[in-house]
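Read the single chain below, which is given as structure tokens and is the form predicted on its own.
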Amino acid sequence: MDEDLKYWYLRDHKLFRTLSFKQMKQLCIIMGFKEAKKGEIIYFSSSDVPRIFVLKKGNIKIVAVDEDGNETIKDIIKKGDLFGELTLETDGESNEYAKVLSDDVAICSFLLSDFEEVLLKNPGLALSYTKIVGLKMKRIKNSYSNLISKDAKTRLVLFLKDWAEKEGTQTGNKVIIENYLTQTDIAQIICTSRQTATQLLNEMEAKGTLLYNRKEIIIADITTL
């Protein structure tokens, strides 16, 4: 990738905005770039070459796999989000991977060792990184708390409301969400079976609460969801 394009890819991200031109250019030298298509797996936690990733375009799901092979979607990564070895430590016990949800994605990445060195040389960047990762971990923790304490229907409603707030287009009380998730994806996010997720969505459609298809989800009135 052209160095100038790398520069603007990084400059556009809130994490790197405080860096000088010289510091940004140094980052560009160690930055990797990758494009991938829907369905491609682009990261395994068990990789021998740990990396920090920055998503520049598209959507990705982080899937956690338990000892029995059951899969749960741990997080949905959107433009600007960080993922990978965010704690700056390799975790031999975790088993997760990242898979492309949208038609295509663009990703910047850094070797973990290179990124640690950059943070050591730039205390301001290290502080910003700590804040961003801390907020991300808090959000994931809150998500797990909801999974433990609420039933499947409530978890689905909370997920839809959160998705609508972050990515929906609202006209009055009506919200339209561009849909890049299958019913299986939604089931894995709210930790229930696909059959249960499908049944709950069908019940909402029958009541006129929402309309679900592969391209979009239309919520008739977000205030009564």
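In case it trips you up, residue 1 is the first one in the sequence shown, and so on. The model shown is predicted, which means the values in this text are computed figures rather than measured ones.
Note that the form predicted in complex with a further copy of the same chain isn't included here; everything after this is about it.
Trainee: Just to be sure I understand the contacts: of Leu111, Leu119, Leu101, Ala106, which is the one whose heavy atoms reach within 4.5 angstroms of a further copy of the same chain in the model of the complex?
Mentor: It is Leu119.
Trainee: Quick check: do Val157, Phe159 and Ala164 each get a heavy atom within 4.5 Å of a further copy of the same chain in the model of the complex?
Mentor: No: none of Val157, Phe159 and Ala164 comes within 4.5 Å of a further copy of the same chain in the model of the complex.
Trainee: Counting only non-hydrogen atoms and a 4.5 angstroms cut-off, does Cys191 reach a further copy of the same chain in the model of the complex?
Mentor: Close contact exists here: in the model of the complex, Cys191 approaches a further copy of the same chain to within 4.5 Å, heavy atoms only.
Trainee: With the partner left out here, check for me: in the model of the complex, does some heavy atom of Val133 sit within 4.5 Å of a further copy of the same chain?
Mentor: It does: once a further copy of the same chain is placed as it appears in the model of the complex, Val133 has a heavy atom within 4.5 Å of it.
Trainee: Decide whether Ser143 counts as a contact residue for a further copy of the same chain in the model of the complex under a heavy atom distance cut-off of 4.5 Å.
Mentor: Although a further copy of the same chain is absent here, Ser143 would touch it in the model of the complex, with heavy atoms inside 4.5 Å.
Trainee: Tell me, yes or no, whether Lys74 is in contact with a further copy of the same chain in the model of the complex, where a contact means a heavy atom of each within 4.5 Å.
Mentor: Answer yes; at least one heavy atom of Lys74 falls within 4.5 Å of a further copy of the same chain in the model of the complex.
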